[in-house]
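Below you will find one chain, with nothing else, as structure tokens; this is the form predicted alone, and questions on how it binds or moves follow later.
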């Protein structure tokens, strides 16, 4: 008899727990392991079999969240097509993993407690194009303002994505409207231009 079905089940359960941990902790940093188990739809004893304590769970959720964000970025194929189209795909991808981003960057203590002294403790896959690379390509092609630093543009982008996620959480913006609102704000800023 093969272990594959059990391995598949174990893998799904682990992913469910990690996803629930990121989602619950993004909303409530003080959430209990029982809260996370409930969100993952597993018993507390099951959660403890996978993650014996909160620190182990949070550390695993940090590493998993970086992988999820990286995979989402890779799937957005930001190195393909015109920079503005690639940026729109990236924004949509980032909004889709908003819980993970809010978990990772909504509170700097998450990364500090996970033993991360740098903003990016996850060793990125060098084959995955970077947001900075996309911005620099867009600047070289005259799409993004070359007088702004690429790091600045990236930080503004992350702030907009986080603000969109937060607005949806507070009921100020429907979830289905976050991506288009972030794209519109990123592309147009907030100044009405006279035509």
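The term rigid core refers to the most C-alpha atoms you can superpose between the two forms while keeping them within 1.5 Å. Positions refer to the first chain, counted from 1. Quick caveat, the model's predicted, so the values are computed rather than measured.
Keep in mind that the form predicted in complex with the DNA is missing from the display, and what follows is about it.
Contact here is defined as any heavy atom lying within 4.5 Å of the DNA in the model of the complex, and by that definition each of 43, 49 and 53 is a contact residue. Remark: residue 188 does not count among the residues lining the DNA in the model of the complex, judged by a heavy atom distance of 4.5 Å or less.
When contacts are judged by a 4.5 Å heavy atom cut-off, residue 33 counts as touching the DNA in the model of the complex.
Mapping the unseen interface onto this chain, residue 9 counts among the residues with a heavy atom inside 4.5 Å of the DNA in the model of the complex.
Although the partner is absent here, residue 13 is a contact residue: one of its heavy atoms lies within 4.5 angstroms of the DNA in the model of the complex. Residue heavy atoms within 4.5 Å of the DNA in the model of the complex occur in exactly one stretch of 134-142, 166-174, 53-61, 153-161, and that stretch is 53-61. The Cα position of residue 58 differs by 2 Å or more between this form and the one not shown after fitting on the rigid core. Once both forms are overlaid on the rigid core, the distance between the two CA positions of residue 155 between this form and the one not shown is under 2 angstroms.
Core-superposed comparison between this form and the one not shown: the C-alpha position of residue 33 differs by no less than 2 Å.
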